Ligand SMILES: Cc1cc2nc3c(=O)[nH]c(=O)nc-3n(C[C@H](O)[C@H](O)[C@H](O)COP(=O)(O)OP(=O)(O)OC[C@H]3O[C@@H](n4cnc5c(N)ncnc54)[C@H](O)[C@@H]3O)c2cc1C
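Only one chain is included here, represented as structure tokens and corresponding to the form predicted alone.
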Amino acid sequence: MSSRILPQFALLTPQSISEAVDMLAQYQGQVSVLAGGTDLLVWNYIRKVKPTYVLRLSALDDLDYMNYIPGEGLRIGARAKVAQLLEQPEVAGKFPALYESALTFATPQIRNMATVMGNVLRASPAGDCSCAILALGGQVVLQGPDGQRLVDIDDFWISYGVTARKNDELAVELRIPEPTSITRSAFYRLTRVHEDLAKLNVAVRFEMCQNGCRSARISMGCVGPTPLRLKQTEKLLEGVPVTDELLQQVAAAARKEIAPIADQRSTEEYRRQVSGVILTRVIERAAGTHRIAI
């Protein structure tokens, strides 16, 4: 059989979220969920995924939303596209790390098809939106036969390609908390060409005050099986002014905390060495002292 032909599958098109959940429960473990399809169809094409059923969300218009709710934060439906992040003014103003991750995400054509939720569910260490969301914090809302449950983004990725979503659950919403007046965030991706997957990506979120950083969240991609929180490195930043000496310590700590591999995009040695450099520049950018120029 030609490798250009997709494997056969039965297409399911639920008309409501409850019907989608019923179908997931009925065909547990045999269903792949299709929203944007930019990852799923590629995986089908190269035979990494061979679903018996594909559940298409195209009829679920109530999942196609991206809303900013003052005092609560950003709500992103399962069908919301990456391109919508660039159209929502509050994203650029209040969640710059997420905005920057969307701005560098693949090509305009892919951004118009790919969903933000799909990037999270892919559980890839190279996910740009995933990296930003991990730094910003948030929750994934899962709808199952027994109702909804919320999973913190810190606990959502289990391993490469594996998440906390159960086979009979539909991921329906991402929730990203409201930033405060002292919240700062930034994102940067290092890659071979703009359209390619990342060699390395970094995102940070700080609560900044006059005495320095009150609290920090640092995430890094392409340096482990999933996007990683650098929790030990974060501790170095908390409660102290951001100085050149501190940034050197942060860079050294980050190199020790990650576990990169070598692949077709980069070597383990390069990723480890450049991780500290990129992280310090993203920290400076979030603090408003420098701009990245790689």
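For every residue, the number given is its place in the sequence shown, counted from 1. Computed from a prediction, not measured in an experiment: that's the story for all the values here.
Beyond the structure shown, there is the form predicted together with this ligand, which is absent from this document and is the topic of what follows.
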Practice task
Counting only non-hydrogen atoms, choose the one of 146 to 154, 101 to 109, 212 to 220, 178 to 186 that falls within 4.5 Å of this ligand in the model of the complex.
Solution key: 101 to 109
Practice task
Verify the contact flag for residue 225: yes if a non-hydrogen atom of it lies within 4.5 Å of a non-hydrogen atom of this ligand in the model of the complex, no if not.
Solution key: no
Problem - Contact flag, residue 170 vs this ligand in the model of the complex, heavy atom cut 4.5 Å - result: yes
Practice task
Could you confirm whether residue 230 comes within 4.5 Å of this ligand in the model of the complex, counting heavy atoms only?
Solution key: no
Exercise for the section: Could you confirm whether residue 195 comes within 4.5 Å of this ligand in the model of the complex, counting heavy atoms only? Expected result: yes
Exercise for the section: Quick one: from 259, 262, 42, 240, grab the residue that has a heavy atom within 4.5 Å of this ligand in the model of the complex. Expected result: 42
Problem - Of 78, 136, 85, 200, the one that lies within 4.5 Å of this ligand in the model of the complex (heavy atoms) - result: 78
Completion exercise
Across 110 to 128, the residues having a non-hydrogen atom within 4.5 Å of this ligand in the model of the complex turn out to be 110, 113, 114, 115, 117, 118, 119, 121, 122, 126, 127, 128
